[in-house]
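Quick setup: one chain, the form predicted on its own, written in structure tokens, and binding and motion questions come after.
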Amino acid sequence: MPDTVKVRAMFPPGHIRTPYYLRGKIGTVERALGPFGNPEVQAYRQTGVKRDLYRVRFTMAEIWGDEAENPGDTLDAEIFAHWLEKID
């Protein structure tokens, strides 16, 4: 997984674990956490395949723009690989 990623701006129906406010935002992969069961299918009592999970770091400036109280502060979120696209 590349160091800089963008969270896909997808809005599928159903049980979604990727925070709405992070969709379309750019962050930095802090670390790979390994493969985990996908809660988007587990919510429906299905096992599905395991997916790689990453801890991604976002600045408050990226998330909230000019309204960020402390633009340099960060937030880490654990996001599955199928929600991430690499940024060149």
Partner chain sequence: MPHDHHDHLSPSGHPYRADQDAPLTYWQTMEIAMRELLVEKGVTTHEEITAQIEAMDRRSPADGAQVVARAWCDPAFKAELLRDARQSVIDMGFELGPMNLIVVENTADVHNVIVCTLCSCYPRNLLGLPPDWYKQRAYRARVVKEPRKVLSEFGLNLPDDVQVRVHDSTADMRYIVLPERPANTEHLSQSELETLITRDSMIGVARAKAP
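Residue numbers count along the first chain shown, from 1. Just so it is clear, the model here is predicted, and its values are computed rather than measured.
Below, we refer to the form predicted together with the partner chain, which is not included among the displayed structures.
Gly72 belongs to the set of residues with a heavy atom inside 4.5 Å of the partner chain in the predicted bound form. Proximity of Val29 to the partner chain in the predicted bound form: non-hydrogen atoms within 4.5 Å are absent; the residue sits far from the partner. In the predicted bound form, the partner chain stays beyond 4.5 Å of every heavy atom belonging to Lys50. Looking at Ala61, you'd find every heavy atom of it more than 4.5 angstroms from the partner chain in the predicted bound form.
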